[in-house]
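A single chain comes next, written as structure tokens; it is the form predicted on its own.
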């Protein structure tokens, strides 16, 4: 994804003292943020039993000595943040790290507090990310009893050789086992994460991964091309010559293979990297991710979690010690408020990631509102002529070829 549009940085008061240094907190953000309509909540659990080499999320190896105090702190933060919220939440997403490393007693306390403190919709989608090696019958039963109704399993690949390249420490058989355990507990809305473009991966092996995932009957699949994030072990190994990137043409072929194979299996692509099965009059798209792509409001809980409300963005500090020492509001950083043109660019960039694209009426409004409407209109016309964008009825969207070059297209409209 291309970078976010240039924000108008704002100064906020500094109120929390940590080690003698005053820090700003979400409590100091404007009332429109703290008292806004919150659609979703993201909870970050930083504990892992191993740091995967491609991962750039805030996480560290868990010694299981701070799980209890972390959950205590999370409940305290949640209680403070949710005070005054009235509109029911549409989604909760717990990510990490490895949320399923939390022991079942800690999960019981956290889930009970969520039911007590948060305004939950009767149709809430509640997702927990799961490492397949950490899913047990006891944990699955606790999650289901506490309201979790969707699980996202990090399969990544079913080929041990490629898991080793990614430094993923799980047996492919554990993915099958975890999915079965979750279903037995009543959690049947299951996503599988897959990665393609792994060094040394062949097209036939990617087809095998897709077929193995489909055999488990998931409701949702996320297929991501491997990215080499800065400051990760994977990138350092690449730079040291431990392996080579796969050819761009092969990676494009793998992406096309996902579209073809998943469509044949009854999945509908709704975003560049995401597919879902049809259910009733719609598809089982991840509601939480749709909140991101449709620029709705979500609140962050836990160290390093990022939030967005009414054009304001911020991030809880990515240090567990600082997070645990603060009370009840965690220190935050990266506070920014997108100016009007920045909000237009972000809406265009995120909206075009979705297969539904952007309606003509909204597009007209956005181009009239932003300061760079003329430049953006010219970019849309140029990419429509070149075949990277197309009109589908009254909606502008990326073409299949445009999805392969999405970063190029979207970078011109933010």
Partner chain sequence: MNIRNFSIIAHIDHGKSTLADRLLQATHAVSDREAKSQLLDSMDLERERGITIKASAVTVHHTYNGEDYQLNFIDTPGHVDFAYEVSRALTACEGAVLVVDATQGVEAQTVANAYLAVSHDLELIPVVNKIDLPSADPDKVAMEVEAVLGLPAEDCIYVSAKTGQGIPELLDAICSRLPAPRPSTTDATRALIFDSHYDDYRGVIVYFRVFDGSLKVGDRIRMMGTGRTYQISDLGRYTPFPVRVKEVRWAEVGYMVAAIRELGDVRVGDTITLDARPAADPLPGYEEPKQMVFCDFYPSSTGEGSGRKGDFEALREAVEKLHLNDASFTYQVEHSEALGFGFRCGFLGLLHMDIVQERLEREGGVEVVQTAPTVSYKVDLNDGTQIEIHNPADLPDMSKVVAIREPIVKLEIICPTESIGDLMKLCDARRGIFKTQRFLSEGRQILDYEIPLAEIIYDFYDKLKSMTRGYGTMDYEVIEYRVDNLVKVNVLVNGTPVEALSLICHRDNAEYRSRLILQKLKKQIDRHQFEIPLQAAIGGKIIARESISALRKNVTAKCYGGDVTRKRKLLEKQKEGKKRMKQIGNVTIPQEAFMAVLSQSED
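Numbering follows the first chain given and starts at 1. All values derive from a computational prediction rather than experimental measurement.
Below: the form predicted together with the partner chain, not depicted.
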Heavy atom within 4.5 Å of the partner chain in the predicted bound form - the one residue of 274, 98, 219, 91 that qualifies: 274
Residue (of 179, 338, 78, 163) lying close to the partner chain in the predicted bound form, criterion heavy atoms within 4.5 Å: 338
Using a 4.5 Å heavy atom cut-off, state whether residue 313 contacts the partner chain in the predicted bound form. yes
Contact test in the predicted bound form: residue 204 vs the partner chain, heavy atoms, 4.5 Å: no
Residue 34 versus the partner chain, in the predicted bound form: is there a non-hydrogen atom within 4.5 Å? no
Are any of the heavy atoms in residue 346 no more than 4.5 Å from a heavy atom of the partner chain in the predicted bound form? yes
Decide yes or no: are 131, 211 and 233 jointly within 4.5 Å of the partner chain in the predicted bound form, with each residue judged by its heavy atoms? no
Which one, 284-292, 117-125, 180-188, 257-265, holds residues whose non-hydrogen atoms are within 4.5 Å of the partner chain in the predicted bound form? 284-292
For the stretch 394-414, return the residues whose heavy atoms include at least one within 4.5 Å of the partner chain in the predicted bound form, in the order they occur. 401, 403, 404, 405, 406, 407, 408, 410, 411, 412, 414
